[in-house]
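Before any questions on how it binds or moves, here is one chain, the form predicted alone, in structure tokens.
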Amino acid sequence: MADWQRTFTCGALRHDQVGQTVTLNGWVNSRRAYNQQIFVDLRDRHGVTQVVFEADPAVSTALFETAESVGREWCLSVQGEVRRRLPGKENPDLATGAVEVVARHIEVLNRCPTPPFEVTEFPGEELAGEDVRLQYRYLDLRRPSLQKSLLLRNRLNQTIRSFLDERSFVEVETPLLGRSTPEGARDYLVPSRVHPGAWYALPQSPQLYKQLLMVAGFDRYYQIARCLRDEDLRADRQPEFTQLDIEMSFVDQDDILKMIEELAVVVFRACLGIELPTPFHRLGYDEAMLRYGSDKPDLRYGLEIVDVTDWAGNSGFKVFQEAVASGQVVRAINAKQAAGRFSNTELKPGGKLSEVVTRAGGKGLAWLKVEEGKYSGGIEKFFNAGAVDALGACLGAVPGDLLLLVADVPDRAAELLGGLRVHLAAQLGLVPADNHLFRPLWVVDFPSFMRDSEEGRWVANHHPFTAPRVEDIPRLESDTAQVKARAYDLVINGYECGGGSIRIHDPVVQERLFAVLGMPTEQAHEKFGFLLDALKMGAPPHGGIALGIDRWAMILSGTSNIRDVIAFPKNQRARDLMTGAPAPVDLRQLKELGL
């Protein structure tokens, strides 16, 4: 062991080590200089220890002079004696705050120029811009909050593996170079040098491979898999991401949901010390869209949407009556005790709250403030006698409430009020600030198909291997819009954290579904012949789910930015600012690929 190698980490020292000579390795977190003493807070991923350098000629003048020269983020090895801090000088914010190390030797392992931004985190101070932090990500990753997030992510992965191993799951790696399939997001394509003109696709998921593993007899499979999709980025999305893929044979939907609930309970207990109550709430897709305007509703607050179309058709308000007559719906939110939180200017056309609806494509926002014995808002005079009181009764209104209404086609009305609901929750402070309230739920019974208006055809709502409900199979072709899928999404606090389904294991049903999607038999066999052949070889009933590891880590860490839980993320333009990827390549490489 070299003389400079550590005997303790910077987070390990306590009263038990007082009087011992120890060696610490780490980075200079901060430095405070006085006439006869220099204090250096030495940091590693385990914690921070205060090191004291004293101007004592009997020890070493050079030691003090070296301590005077060190700067932030220098990498040091320090040897010294552990002692108790003076009474009143303890730091309760540090695990090592009751002790300090009196330095007797220092070795500079590496210097650091003035960092491009402050690595040390100070309460209340804004971080440097994200682009510069991503450019120097290796420095940004020294921040304790980021290290805490990545360590939590490590605990998440270890907990998952242990849980599944105890339940006889087999971890199987699936290929990264596969075939491009037509359904889903855009693929990242890889040209083949040995097969000019042919291309691999990087996996958007291991979906087909894990189904083939069920045919192969591996009845319980999992993989923490890297997946890639060439799609637009958001704060909770990256072009490359990690998901936990699970597939099981001889199961129905309840078996999978129950097992994932058990996994979630174990994960939240291990990572946060929180007990999640089970079973999780379940909502049908249609009910979720009606009550919350979203298929991933946040249940931590109310603000439920109420359909008032029947009332609106007889309300006397011409705008609503014409909307209802044209086949539109009228829906409302009662923002409890919010009348005083928004001025009339904010509510009127062009106002901040009204613009939440118009920016999303809505025609406008109607509103009424509930006051003692009356309603105000300008539109109350257009209603029939007693109509406003009837609306208030329908919405459970009391003085101080704010009633918000929109008229539009059903899907758009749901979308508009769903977005308004999320905005109101943020404005009214309804989302708990401590990020320790979790309301998971399952959204089930999704439509199997969605109509692509541009292409004039049906597309799979999830993916084309999702089984329809058994009772809906006879009407696959005759009543396609009403066919429901045996699909389920796990939602936590407004985030979709996983999705899965029971798969089609009957090749005849699979071919029928391909036909509904506008894929004739010959084309289906060209693109998915290997799957159809496999399903004919005694494929068992099977189903599974994919859980977004990045999103789980984000929620567990209490951040809303997925880049905080990924070691080396891309920015919002899918660029790696640290390495410069994507970047041009040598013309010789392109020539070898026939490009």
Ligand code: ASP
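Note that this is a predicted model, so its numbers are computed, not measured. Residue numbers here begin at 1 and follow the sequence given.
FYI, the form predicted together with the named molecule isn't displayed, but the following is about it.
Undergrad: Counting non-hydrogen atoms within 4.5 angstroms of the named molecule in the model of the complex, say which of Arg142, Arg229, Arg439, Arg153 makes the cut.
TA: When the named molecule is considered in the model of the complex, the option within 4.5 Å is Arg229.
Undergrad: Which one of Thr96, Asn334, Ser501, Ser448 is close to the named molecule in the model of the complex, taking close to mean a heavy atom within 4.5 Å?
TA: By the 4.5 Å heavy-atom cutoff, the listed residue in contact is Ser501.
Undergrad: I'd like to check something about His463: if you look in the model of the complex, is any of its heavy atoms closer than or equal to 4.5 Å to a heavy atom of the named molecule?
TA: Answer yes; at least one heavy atom of His463 falls within 4.5 Å of the named molecule in the model of the complex.
Undergrad: Considering non-hydrogen atoms and a 4.5 Å limit, does the named molecule approach Leu42 in the model of the complex?
TA: Leu42 lies outside the contact set for the named molecule.
Undergrad: Examine Ser77 and determine whether its closest non-hydrogen atom to the named molecule in the model of the complex is within 4.5 angstroms.
TA: Although the named molecule is absent here, Ser77 would stay clear of it in the model of the complex, with no heavy atoms inside 4.5 Å.
Undergrad: Would Ile566 count as a contact of the named molecule in the model of the complex, using a 4.5 angstroms cut-off between non-hydrogen atoms?
TA: No, no contact at 4.5 Å.
Undergrad: Of 530-538, 544-552, 58-66, 43-51, which is the one stretch near the named molecule in the model of the complex, taking non-hydrogen atoms within 4.5 angstroms as near?
TA: Going by heavy atoms within 4.5 Å, the stretch is 544-552.
Undergrad: Give, in sequence order, every residue of 202-232 that has a heavy atom within 4.5 Å of the named molecule in the model of the complex, or say none if there are no such residues.
TA: Stretch hits, in order: Ser205, Gln207, Lys210, Arg229.
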